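One chain comes next, on its own, written out as structure tokens in the form predicted alone.
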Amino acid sequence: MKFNVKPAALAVAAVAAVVALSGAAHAQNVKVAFIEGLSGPFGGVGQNQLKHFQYAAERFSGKQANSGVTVEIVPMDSKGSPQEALALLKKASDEGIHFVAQGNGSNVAGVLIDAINKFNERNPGKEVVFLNYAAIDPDFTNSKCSPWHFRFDGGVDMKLEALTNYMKDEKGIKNVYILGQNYSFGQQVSKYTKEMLAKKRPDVKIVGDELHPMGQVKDFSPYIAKMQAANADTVVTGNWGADLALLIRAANAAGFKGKFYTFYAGVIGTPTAIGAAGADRVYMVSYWHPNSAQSQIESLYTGFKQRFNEEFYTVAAVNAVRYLVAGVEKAKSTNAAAVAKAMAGMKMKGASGEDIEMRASDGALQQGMYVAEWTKAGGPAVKFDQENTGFGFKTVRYLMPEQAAMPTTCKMPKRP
């Protein structure tokens, strides 16, 4: 698909078209409580993603988007704690905020989903909607699905479907070591990696399957030593933030030559840790990356980097804001229940030019998936490097939304 307009004009025009068609008559302000770990071990990631949401709200709502809906992001620091997040959810609802965004940690997202379900049942007319931009435990759109929860990232099952689709054709993969953070996400990565590789590459041996405390390991060299002792040629890890950066640094320091298949190698700080030593052996599965062949949001990437001197990578923040704006306009209301009903089943153009859909049956955004390789920047395949390293990601496999889609067991409660 080719477009003959500039990406920035396309993005703004798309949102403007939604607004114009909706016939919204009055300007409306919508507050979103950004409940996230803004301090602590993963505070740097949280602060970076807060900027993503603020930037997305600025670009895709209000005057700059020719929209009658203005989105305001209200930062609330949970310190990465589920208990703190619950206290902040109550604070947000007490202040009349009916939309919540969170993503760093399925352990936090799980308690928020449960609390929001209970709150909404007890408080009809004051409902809260959860915009999940990065917590990708598949249970959230299967056994624990909720009419109040919308996930804008790809689930573990979707991402590993894409990743193992690529890995099955890599004949050099013989011995796989699975390493992850010890919470629901890391556990799901382990489960789905073993299941999918067993079906697609039954000859591959799982030579290690280990979980470690989240955000507590400062030296990953003992884990690298275990990988070397097991003759691992490939590592699959869901680690993110400091836990991934430190893991990669330890691997580089030990001279480990195995390949890493990751979910979040593009997250702030990790590209610097990967550096030249990771060239052509670190991979990432994602719904977008800066060098995506069909990317329609180049101006967002370059504008964000110029403004904050940090990498732009959380397109889920953009899609969450876009869906929220479109939902308010379609519902002609800021009532959370009405907006949730409007967003369910909604379709629009995604960051890579494909059609995306918020699947009504489970609240999972249906979108394409990329497998990208870390390699030297330069040339049409790797136009942008990350964190001024001289290296960036190039696409080695792409699954269209219908190829990346996974079945759901969700029995969605009736939407109000």
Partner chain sequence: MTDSALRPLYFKPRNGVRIVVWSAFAALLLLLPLVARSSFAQTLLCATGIAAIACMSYNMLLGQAGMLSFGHAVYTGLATFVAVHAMNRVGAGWWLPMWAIPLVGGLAGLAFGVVIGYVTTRKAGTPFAMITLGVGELVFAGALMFPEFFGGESGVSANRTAGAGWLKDVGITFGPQLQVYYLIAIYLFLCSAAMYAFTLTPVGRIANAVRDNAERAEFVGYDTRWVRYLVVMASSFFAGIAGGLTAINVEVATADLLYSVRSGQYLLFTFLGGVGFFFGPLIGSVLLVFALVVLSELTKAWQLYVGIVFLIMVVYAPGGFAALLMLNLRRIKYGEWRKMRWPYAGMAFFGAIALWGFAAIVEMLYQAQDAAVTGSALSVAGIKLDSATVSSWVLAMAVLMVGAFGFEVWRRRFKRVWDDGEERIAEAIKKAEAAIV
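The structure displayed is predicted, hence computed values, not measured ones. Numbering follows the first chain given and starts at 1. We call the rigid core whatever largest set of C-alpha positions still superposes within 1.5 Å between the two forms.
Omitted here: the form predicted together with its partner chain. The next part is about that form.
A single residue from the set 279, 206, 87, 198 has any heavy atom within 4.5 angstroms of its partner chain in the predicted complex; that residue is 87. Only one of 332, 174, 194, 144 comes within 4.5 Å of its partner chain in the predicted complex through a heavy atom, and that residue is 144. Proximity to its partner chain in the predicted complex holds for none of 59, 68 and 102, with the criterion being a heavy atom within 4.5 Å. Contact check for residue 96: every heavy atom lies farther than 4.5 Å from its partner chain in the predicted complex. Although the partner is absent here, residue 127 lies well away from its partner chain in the predicted complex, with no heavy atom inside 4.5 Å. Although the partner is absent here, residue 303 sits far enough away that none of its heavy atoms falls within 4.5 Å of its partner chain in the predicted complex. The closest non-hydrogen atom of residue 299 lies beyond 4.5 Å of its partner chain in the predicted complex. Partner contacts here mean any heavy atom within 4.5 Å of its partner chain in the predicted complex, and among 45 to 53, 377 to 385, 60 to 68, 353 to 361 they occur only in 45 to 53.
Contact annotation for 72 to 91: residues with any non-hydrogen atom within 4.5 angstroms of its partner chain in the predicted complex are 75, 76, 77, 79, 81, 82, 83, 84, 86, 87, 88, 90, 91, listed in sequence order. Core-superposed comparison between the shown form and the other one: the CA of residue 154 stays below a 2 Å shift. Relative to the superposed rigid core, residue 182 undergoes a CA displacement of at least 2 Å between the shown form and the other one. Once both forms are fitted on their core, a CA shift of 2 Å or more is seen for residue 240 between the shown form and the other one.
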